[in-house]
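Here's a solo chain for you in structure tokens, the form predicted alone.
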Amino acid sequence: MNQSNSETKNSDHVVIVTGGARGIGNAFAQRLAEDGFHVAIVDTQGANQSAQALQHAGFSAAGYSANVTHASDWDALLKDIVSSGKALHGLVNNAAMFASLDMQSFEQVTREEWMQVMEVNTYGPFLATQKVAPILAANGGGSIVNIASTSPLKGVTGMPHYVCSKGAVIAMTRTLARELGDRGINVNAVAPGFTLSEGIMLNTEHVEKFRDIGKNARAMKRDQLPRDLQGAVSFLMSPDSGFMTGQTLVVDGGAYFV
């Protein structure tokens, strides 16, 4: 589905990528721009710079500084997208707390920490879907991709709030697929394994604990990189996945089979 730069400059179909300024989210933004979409990058920091980098490469993009848990931020950015005359096609719910979290047992997690992770990792994509779904339906349908994790599929110690939040994302994907199917909206999830993104590489504790464990558990004995996830999201945003909904695609190099 890749298109030339001249075609992407005139793209009138928008895909929103939350947490798209760096790491895995930025990899998604780059691939979707290459696929011919106008990419709306949403992040608390760096969204404009990331959008400008895509623009300089010849692609169509815009940056929005926003918090995914704030309804007013969603109202403002969606108003801007709709007023641009472009048609909203999809949403990638990627923004989440992980790289910044400390390793700790479930006895050590405070209520404040638990609620903060749940707000960003579960309420964020829920609110985004609430705001985006009516626009997608009015446009004749579209695709929503939630970025989950393999951690709730196999059980991972040291981050109970994160693991539970990603399990909730998979459950939410299934129930929203039921809710939105008759409006022409597909809702699917991608579950990565431990991925060496920019943010992860800054957290030596995570790298030391999970890198070798993840690599040794895989059928493919190498590190997982952000680019390994691009194809799955590209597919779920394309017409090729038009009759798929409620599914979770595991992309982890063969560590967990479903």
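Note that the structure is a prediction, hence the values are computed from the model and not measured. Sequential numbering from 1, following the sequence displayed.
Beyond what is shown, the protein has a form predicted in complex with a small molecule; the following relates to that form.
Asker: At 4.5 Å between heavy atoms, is Thr44 in contact with the small molecule in the predicted bound form?
Answerer: Contact check for Thr44: yes, within 4.5 Å of the small molecule in the predicted bound form.
Asker: Closest heavy atom of Ala148 to the small molecule in the predicted bound form, within 4.5 Å or not?
Answerer: Contact with the small molecule, yes.
Asker: Check whether Asn67 has any heavy atom within 4.5 Å of a heavy atom of the small molecule in the predicted bound form, and answer yes or no.
Answerer: Yes, Asn67 sits close enough to the small molecule in the predicted bound form that at least one of its heavy atoms falls within 4.5 Å.
Asker: Taking heavy atoms and a 4.5 Å cut-off, does Arg22 contact the small molecule in the predicted bound form?
Answerer: Output for Arg22 is yes: heavy atoms within 4.5 Å of the small molecule.
Asker: Mind telling me which stretch in 107 to 115, 162 to 170, 134 to 142, 175 to 183 gets its heavy atoms within 4.5 Å of the small molecule in the predicted bound form?
Answerer: Comparing against the small molecule in the predicted bound form, the contact stretch is 162 to 170.
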